[in-house]
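Just the one chain here, the form predicted on its own, laid out as structure tokens.
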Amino acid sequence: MTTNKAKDRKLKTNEKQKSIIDALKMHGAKVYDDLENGQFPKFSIPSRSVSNIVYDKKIRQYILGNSAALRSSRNSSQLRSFTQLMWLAFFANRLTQEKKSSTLRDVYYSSQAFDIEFEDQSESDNIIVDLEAILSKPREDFHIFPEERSSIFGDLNIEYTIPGYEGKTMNLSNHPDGYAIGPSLTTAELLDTSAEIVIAIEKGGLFTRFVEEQVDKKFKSIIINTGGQAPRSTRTLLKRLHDEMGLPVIVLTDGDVYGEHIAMVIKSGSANAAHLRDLTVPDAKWVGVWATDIEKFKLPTIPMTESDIKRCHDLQSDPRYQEGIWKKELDVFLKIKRKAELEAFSKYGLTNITEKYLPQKLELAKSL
């Protein structure tokens, strides 16, 4: 039987769907109004230029400022992108109305059936971001998703809300390879869990190791493989686990500047998604692998590349890296100019990372 919570989520999903359709209709009506008034149709798109992206300390994430760009069918140089945007709005409305999902790649190929030309997928992806900015809604709300590459494992009971599976329940510890984090999972009702913490891991190999070593049981945790930089569906689920289930989120990454940034994106988002909300877990904690851990645990290392060093310097100018562990570890990376992978702990045995390193870090996380 469908739970009251699932009914509430279904209601919210329907309300979200209606708000997307209403927003698309509103912008469509403006196009008709312009035509009826003898004017060239146009869109006002919030500017995503660097100068219009600012860090909001209050909500602890990047947001867009007030600047906007006008895309008009009157401008011959903008006519192509205007047409692409018009078609995408039509396609998004169709997906939402029919409750069907599409991938970023699908959108690129679907456009060809309507004689809409994109040079490549990156161009169509960019138009999708334009529509997100106009609607102030993530593409997932109008049923466009990236390819799945993240997974989850642990004692978490969910109830599906997608058509055809409504009311069906699943425990996410039933499959040792974990479950792919896709639309059905991110929209499911989160029923109950015995877990007390969420551990997000950058690497798929370590995710498998953690499942094998029953980290979920030993540390009462839900384990998530972010597959590198966490996709937005994964960040959405992390936020829901934190906000709805009250679970602290900790992040384990490789000991390099890119791993540090993976943790920061989970915590406070990215400049590329400054036009969106609800993708961050501001209280998430990055527990390693830190630069200081490389020295402390005498891990096997790899020399940092010029690109690594440049990235460190770039992040030093980011307001999020101006204090605390974030600044300290960047400084140490630049000092030692070495990096280490999570797998480096295997030098001390395959289970060293779960039996020694992880318990220390979980204890330390309580004081961060």
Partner chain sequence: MSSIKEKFNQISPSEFFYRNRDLAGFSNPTRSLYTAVREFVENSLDACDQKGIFPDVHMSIKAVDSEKPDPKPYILTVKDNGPGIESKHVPLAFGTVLYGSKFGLKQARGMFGLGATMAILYGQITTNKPVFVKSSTDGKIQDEFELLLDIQKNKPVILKHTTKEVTKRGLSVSICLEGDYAKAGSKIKDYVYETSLITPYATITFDDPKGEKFHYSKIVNEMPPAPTIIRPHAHGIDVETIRRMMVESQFEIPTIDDAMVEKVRKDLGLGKKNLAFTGIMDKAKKRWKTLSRPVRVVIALMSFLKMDFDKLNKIRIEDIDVSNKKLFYWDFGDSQSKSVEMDSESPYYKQLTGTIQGETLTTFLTKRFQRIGPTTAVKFAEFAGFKPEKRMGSMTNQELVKLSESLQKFEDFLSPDPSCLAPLGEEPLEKGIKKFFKPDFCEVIQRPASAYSGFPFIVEMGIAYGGEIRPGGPHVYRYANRIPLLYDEGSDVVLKVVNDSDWTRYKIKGDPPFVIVTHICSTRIPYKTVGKENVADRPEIERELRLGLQFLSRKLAAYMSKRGQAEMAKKRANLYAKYIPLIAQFSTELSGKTKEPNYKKMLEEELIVDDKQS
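Just so we're on the same page, rigid core means the largest C-alpha set that superposes within 1.5 Å between forms. Numbering follows the first chain given and starts at 1. Remember, predicted model here, so these are calculated numbers, not experimental data.
Quick note: we don't show the form predicted together with its partner chain, though the next part is all about it.
94 is the sole member of 217, 296, 168, 94 with a non-hydrogen atom within 4.5 Å of its partner chain in the predicted bound form.
Shown without its partner, this chain lists 67, 39, 316, 44 as candidates; in the predicted bound form, only 39 has a non-hydrogen atom within 4.5 angstroms of its partner chain. The candidate site formed by 24, 29 and 86 is fully in contact with its partner chain in the predicted bound form, as each residue has a non-hydrogen atom within 4.5 angstroms of it. By the criterion of a heavy atom within 4.5 Å, residue 99 is excluded from the residues contacting its partner chain in the predicted bound form. Within 4.5 Å of some heavy atom of its partner chain in the predicted bound form lies at least one heavy atom of residue 79. Contact annotation for residue 90: at least one heavy atom lies within 4.5 Å of its partner chain in the predicted bound form. In the predicted bound form, residue 33 approaches its partner chain with a heavy atom inside 4.5 Å. From the list 178-186, 109-117, 250-258, 224-232, the contact stretch for its partner chain in the predicted bound form under a 4.5 Å heavy atom rule is 109-117. After superposing the rigid core, the Cα of residue 324 is displaced by less than 2 Å between the shown form and the other one. Residue 306: CA moves less than 2 Å between the shown form and the other one after rigid-core fitting.
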